[in-house]
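Below, in structure tokens: the form predicted alone, a single chain.
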């Protein structure tokens, strides 16, 4: 028995990604460009990914 995986492509750097099963709305980081990506949809073992804007905290320095 093989473990199920999902595939997808980073929308920024076009790196092919293979990850364990994930659901819509979950996030992951691209290992190549380090962008945070959100799983928008999963169809036939393929993830549709979208870049997530990450707000950095302003420490007032």
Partner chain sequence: MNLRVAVVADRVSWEERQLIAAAPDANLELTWVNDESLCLGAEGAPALAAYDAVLVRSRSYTRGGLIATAAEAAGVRVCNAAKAIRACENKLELRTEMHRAGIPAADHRLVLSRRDFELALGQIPPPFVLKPIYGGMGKRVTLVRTADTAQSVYDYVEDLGHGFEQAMLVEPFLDGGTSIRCFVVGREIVAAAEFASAGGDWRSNAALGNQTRALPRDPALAKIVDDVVDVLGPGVYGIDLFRSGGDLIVNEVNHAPAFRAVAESTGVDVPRAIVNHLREELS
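Note that the structure is predicted; figures quoted are calculated from it, not measured. Residue numbers count along the first chain shown, from 1.
Another form exists, predicted together with the partner chain; not displayed. Remarks below refer to it.
Site annotation in the predicted complex: the residue of 52, 13, 42, 19 reaching within 4.5 Å of the partner chain with a heavy atom is 52. Using a 4.5 angstroms limit between non-hydrogen atoms, residue 4 is distant from the partner chain in the predicted complex. Shown alone here, residue 32 lies farther than 4.5 Å from the partner chain in the predicted complex, counting heavy atoms only. The partner chain in the predicted complex is not approached by residue 46, whose heavy atoms all lie more than 4.5 angstroms from it.
Residues of 8 to 39 that come within 4.5 Å of the partner chain in the predicted complex, judged by any heavy atom, are 24, 25, 26, 27, 36, 38, 39 in sequence order.
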